[in-house]
Structures are given as C-alpha cells and as structure tokens.
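This document contains two forms of one protein chain, each encoded as structure tokens and listed individually as structure 1 and structure 2.
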Structure 1
C-alpha cells in the first residue's frame, strides 16, 4: 500500500467515524467553500481531499445478480443476491464493515455489563422509516422478538434463543438480557436488520417479503423477483440523502453474459463472481476498480467420518497428502485461490492460526500412511483391508461446472495412491439434506466453518450435534472449546480457543480442506466513493452504496 492509499484510508476512517450530521456538514462545506477552509478543523492532512472533485448527484447504479430475488425480508438475507438489496433498505444497530469492524449505525452507543449478560444500546435519535414514522426502541424489541419466536416459522429464530428478555426503559434505550454470556452476540444478533413494528405487525411477514420498509438510504421502488429490483434514494435518510438516485439489480443467470454487460456498460458491477478468466481480465483493465478478497467459505470435500474407509484419521490425512492442491488452484482455478490450512480463512487476521499441521503434496507419505493403517494394494490398483476396498462415492452438485473438474483431478490424485473415489451428481438440496445424516460418503462444495461477519464461532458446523455437521465430525474437545469460545469475554482468551480448534481440525482432517477462492468484486470506474481497500468484499461493499456517486 502506497503512502497515498494510506492517507486516503485515514480520511475514509475519519469520515466514517464522524456523526452523520457533522459529516454531511463537512461534505457540504467542502463543496461550497473549497476544502482548505473546512478540512483543517477535522483532519490533519487534507492534501488528498483537495484533489477529489465533490460528489455528484443523480444517476442509477446497475449491478447484476445470478438468481431471482425471492424475498426482501431480513429473515432471507443469506444469499448475496438478496442481501445486496436488503442492506440498502434496512439498517441494524451495528453493522460489520468491509474491514470486519463493527460500526455503530442505528445504535449511537452500547455498554456491555461486566458479567457479559446485559447489553444496553442507546439509539440514534431522529431516524425515520421510509413511511416517515420515527425509529424507536419499540422497533428493536419487536424485530428481535418476532424473528426470535420459533412459532413464527422464521429461519433466524435459533439466533435469538440465548435472549432472556428485552426491555425498553425509554424511547431510545434497549436493554437485552442474555441467559448466558455469548461472545458472538454483537456480531450475530445486534447486526440483524430492524423492521418497523407498526408496519410489520400490521401486514405480516409474508407480505413484508415483497414490500419492506426500513430506515435505509434507499427505499423499494419496484420488485420483479426474476427480472430486476430497483430501490430509490430516501430523502429523509439519517445519514443524508444518498448521491445516486437509484440502485438496481438485474438478474442475469449466465456468467459470461454478466461479464459482457459489465464490459458494455450495461452493468456497473457483478454481485456474484464471474468466471475466473473474466475476473483476471477485468483486474488487468484500468477502466475497472477491482477488489480481491479471500472468500470466508472453505472449498472442501466433506467426508462421512463414520464411513468404514473414511473413519480412520490416517486415511483422511493420507488423502490430504495425496492431493496436489496447488496444482488444483493453478490449473482449475487459474491461480485465483489460496491454500487452506484449516477451517478459518487467512483474511480473518485476529483469529487465523498459521501454525498448524501442514499437508504438502507428498504421495509417498500418503502411501506410507495407508500402509500403516493396514490398507494393502489390491487388484486394479485399489487398496484393500479385511476384504473391503478403499472406495467411496463423492456426490457433486448437478451442473456444477466450476467444481466438477476439481473433483476429477482429485479423483486421479487419489487413484494414484490406491484410493477409489467414484463421482456422481445430485441436486444441492439433496446433498445438504443427506450428508449430515450420513446417507452420503462425501461431497464437494464451499461452506463457512466460522468467519461470517468476522465471528470465528463454528458451532453450527463443527459441534457434534450441529444440524450442519456435514462430516459427522465428533470431537469432545472441539465441543468443549466451541462452548468456551462463546463464553469467553476477552479477545486474547478467544484467540487461544479458536487457534486450538484450527489445530485440531488440521490434525483430524474431518473434511479435505482444499482452498479459499479469491472473491472478486469488480466496479466500473465511473462509480466513485468506493473504499480504497477491503478485507471482505461481497455485500460488505454494496452496503456502501449510500456513499457512492457516479462520475
């Protein structure tokens, strides 16, 4: 990072941390009087600001998504294509920014009690919903209670189970009392988008999915799920009206057509990644601003740890040695990925543990481990033990053009050490349902084992009884650590815990951790006001549309 970049970052941060009103005033003054007069009050080094012309107002930013937007409710904000729009319409008390930093948005401040059980949020005043009603503590209480109630059939209900009660001593204060300490509370729960109590309770969740109202910088203009969704600038937004008039997401399933649209100016950005070769081409083109961040989901082969062949740790370790992962990255993904060392991505700086057992490509070592485990070479080059062949079936996702070649290369690598991996295809819904039940041997897809929103907890995938424990991994020590990690209160305590989990995963190999894909977010140069750097891309970048302008 050059000096100029560093300066810009300082200013970026300075602006971000200012209260909204001051920031607006600053920008207005900067525009009216020239920056020289306004800037010294706020920033020591105003050099860079003078270089930039003021933000222009107007225009439509167009982005493309790859599948239909079936809902605009905060309950369905999982898919990037949904969240790109939902984040424009709504705000949360706290939001995780592109550097994994928690930003205060609807909360002006918060205090955590010493026992870690009580969170007191002071709300920002004068915030309005799109229908003009004021945002108050009542809306926070309603949102958490509605989505936290399992009887409402919401997907997110389990998030809120740790809440004991929510009280609102006054209009601008929310007190959340937990049943037990939960270190992930701020990043997982306080970051949930707030819906207006008066409106949501009247229309109900089903209608809300297509007609949401929030406090966001943009309000819904038109929702055509399979075609496009448009949101327009909200004049009374608490951070000031956004510079652009409209933000639009077009649905374009075919990746090469999304790339062409970006090339012809029909689109300003692609929410869902393009093909690797297109990414590289745009990255080399000065007409585009490109963010390359590490994906948080690990590209991995979940393995049924109860399977007669795969239940032996030595077999799983041998498979790690047998696969030439760097070649996979270079040949199949054109170098756009980094090697995985365990369950957490290297971009999660405070939590990532590089000092774990390593698996360089070493087929000789793989063979030795298999011999040690009692697997002797048998007919057809496939090893056998007690009359059982070293064979299993890997189920890839139907029509998955990106990962199928990867599975085929791994199949060859494993065959070279005497393990037979058969390949079949099934729809993704089938795989997700059957794998945790042990009805499949193995699969191949990308999934997070902790890391979403900068939170390292992986209770939903690594705990013995987790609904999404795809590998049927059962390790009492990991269960213990996962529980301790949520109870711990200091970062250093937590870091130790998650470092140990990564070490155990690297040693036990519950699944073959292959790589973390590079995540490319490409923007047309005409979009200004983008951050200079980012640790996480994806919707953390589109969330910033309220600051963009078009040149």
Structure 2
C-alpha cells in the first residue's frame, strides 16, 4: 500500500465516522483533517453490501440539496430541493410519474364531461392527514380556492384561471366546473398538493410554510431551512407505512462536498446534480444506480426587461450572439447538455419547435447590434449611451459552485463586446422574491417555462402577470397565445400555438436561454425499490421514497 492509499484510507475512515449532523459538521471535520473541500480527494469505492431478498424496515435515507429550503408549502414547490421534501409530506389527486404518466393518488377515479368543462373526482376513502383528521372533498375545494385566488398572493394562481365553480355533492366527490376548456387542467391543477382545510384556514399560509400537515407517507419532524429537513414515516399513510423510518435532506451548497458525501456513504443521493465531471464519474461506476434523463428546465439568465440597459431587445439579442454557449457546454459542463433554442426543451416532443431564430456565437454580430442600438465604446471598454454605462449586476445563488464558473465565462464574453456584468451572490429565496419585482437586474438558475409534467403551458412564468415572471416580460401576443393554448382541444392546435410562443421568445429574448442539462440522479446501491427506468428524473424519483428500503 502506497502513501497515497494510506492517506486515502485515513480520510475515508474519518469521513465514514462523521456523525449524522449537518454540512457544517462535515466541513469542520474535513478542516480538522486538513482536507480542502474543493480539492480532489482520493477515496476508495464504497464497500458493496450483499442484497437481501424483500424490503427491510427501518433506517434513514439521506440526500443532499444545494440551497436552503425556505418553505414547505405546496405553493413554493418549484425548486427541486423544496419539492423533494414537500412531495414526501403531501399528495395530490393526480400525480405525474417518472414516465410522464398521470397516476391516481388521492383520486380513486375521475370523469371529464364531453364538452371538457366538468371534471368529477371520486376521492379515495380512509385517507388521513398527519393529525389524524380524515381527508375529504372539503379539503380539495379549500385548496383549489385558496391557491387559485390571486388576492392570496399565491404563486400558482394563474394556473386556476378559468375555474367557474367547485362543488362537493358529498364527502368524497369533487366537481370542478370550468368557464372554458383548459387542456392543462389535469396536469397543472389536479396535481396540486392538497392541504387540510381545518388546519390551513386556522394557521394561514405564512405559518403553514414552516409547519405543514399533509396526507403524505412522511410527516415533518424537524426543519432547519439552511441546514437540514427531516421527515419521519407516517404510520397511518393510506398506502401503508413506508419501509424507511426517516427521509432527510441536508443542505450542502458545494457540489464537490456533495460528491464526497455520496462517495463515502454519508449521503444516499444528491437531489441537485453534481459537477459535470463527478456526474460522469458516478455514471461509469457500477457501485451506484444512476438515472440520466433530459432536463425540462432551461439553464438561463433571467434579465429584468425594465432595466434601462436590458430593456432594448437589440441589447438582449446582442448578448445571445456574444456568449459562446457551446464552449460553456463543452468546457464547463463536459458535454452534458444541449443548446437551448427557446423556452421549451428539445426533448419535449411534440411541442418543441426547432425552427426559431438562432443565435450562433458571433461577437461581430453582437457588436453591430449594440452599435445599431446606440451603445458606443466608452472608458474601460464599456459601452455608453446617453451618459449611461452598459452595466448591470447578475445575482448568482450563494455557494453555487456549479454555475458560478458559467457566470464568469459569460461575464468575459459580454465584456468582450463592451457590456459589464458584475457578479454577486444571494440566497435563492431572496432571488426568487426580488427578481420578479424588478429589484434585481439579472440572475442565473434553471427553471421550467413550460414542460412541467410534460405539459407545455407556461402561464405561471411567461404571462405578463405571472408571479414567477422573473424577467418582467410583457408581451400581449404571448398572453393571448397562452390563453388560447389552454382552450385548444387538439394536439395539432396546441402545437401551432406553442410553436409560435417559442418563436416569439427566441426573437424577443426575455432571458438568455443557454442550455438544457443532462439530468443525473445518483443513488447509493443500498437504496432499493427504485424504478428500473425513468424518462424524467429529479423529484419524479424522490416522490417514490415511500416504496424504498435500505439494504
């Protein structure tokens, strides 16, 4: 055994002996060992445990996320690290599985009227909330009416547009009557997680964000937003008690530390992808179960379209030409992504439109557009116009080491054509709150603008009044098309509508659409009960934790 091997064994043993505490404890321990967390560490492969037949009961599954879990409300389930826990606590009438298929969960059955205006749901009986109260039709009515009411300031209110009335003929039947057909109703509304009317109406949404009660397989045990969240098995869950005792998500911003935790057995999975080189390394390692799927969330720079510099479409188009996106994919992400052409992913067939305005890397074209827009080179190589410098600030997520290099490359590309992009870091909750209000210039993260659950509707992000309209994009034609897309009843009608939306987004560039990642979900081999295949990863896999067991 060489010196390196001996050192590696010492490090490996120490990391394995870490207590089940937080990332901070992990980092402190690493520091005591003299290990730089971002530096490569030689760790032997974990020892494989021989599989035992049949599910075992007990144990804690530990996963890692990259930013704080600021809310546990179904209204805030957009970020993957949030939804991974929220889906353990709650259920919906219908849920989209890992193959994009709708599954009946709290609904035992449903019928859609011939005119597409009436949805009748028959509820599963004998379902209990975590406080022991029975789940009934009243909870569905309350949930839909609360989150669908814009006066409540909910993020998802636009999804409920067009609901005429909700009636509950009896304790186990819900009838939703629409004013007009809504093609996305089943995948965008019926998949809303249900909250208990008796509890939520008493404590309010604000308190509910930190103390949720659902019908899920796990109930909240402990929530420390920036450190960890633990949920424990719910004995009265309608599908039976989960095999595992607890599901825990630790917050570990540094991707390299998440990789070490996974390699040393301190974590069973990483909710958010690791660095590209680590994803590829784990994918080639037979000691791990790896799901590689196509992401539906665009990696993008939302831009404040009201900003004095960014409000000019020619400036935004110039930025698209100025950024060498293929180099980002090849160098930063090791080829594990595809170029974005607009708001929908190439994998989202049949809705994807490849015939939109293209932006090949062309800094000369970028400079020409900026000149045309009146931006002239000024002191320090930064363009100016009417006494204003072509400068703005991009806010990246605190500790996001996977995308920070991407931001730095884009910063250099923009500087080359005379645009200054300053970089600062803020927590994700701050970004999500301030960006749609126009209190930030720009940011960098991944988000779906249509595509959730396979549904192309983007009303919650592209509509002028959408709460998640991060770029403050206002386009009457897009608003009109989004409404028409919900009313359309055939796939061919809808395809034409969503193709036009993509063409407009490509032309207007409300945000810099960079790429769609290959999505890697990596699991320790000790986790059993995983599906054998998946067309979508991310939380579509973690929602299945109620089936898992540990060997």
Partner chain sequence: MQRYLVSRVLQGLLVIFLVSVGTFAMMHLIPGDPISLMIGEAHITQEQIDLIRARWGLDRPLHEQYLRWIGNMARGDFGESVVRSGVPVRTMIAEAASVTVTLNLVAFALSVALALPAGIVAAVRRYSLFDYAIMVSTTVGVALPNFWVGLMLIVVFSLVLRWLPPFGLPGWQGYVLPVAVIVSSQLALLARLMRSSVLDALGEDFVRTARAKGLPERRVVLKHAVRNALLPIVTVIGYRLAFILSGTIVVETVFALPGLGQLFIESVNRVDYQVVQAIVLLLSVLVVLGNLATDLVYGVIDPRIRIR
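Note that the rigid core is defined as the largest set of C-alphas that superpose within 1.5 Å between two forms. Residue numbers count along the first chain shown, from 1. Since the structure is predicted, the reported quantities are computational estimates derived from the model, not experimental observations.
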{"property": "Correct structure when looking for the form predicted alone", "result": "2"}
{"property": "Identified hinge, 216, 518, 478, 443, relative rotation of rigid parts between structures 1 and 2", "result": "518"}
{"property": "Rigid hinge motion between structures 1 and 2 - rotation in whole degrees", "result": "28"}
{"property": "Inter-form CA displacement between structures 1 and 2 at residue 324 - rigid core frame, Å", "result": "9.0"}
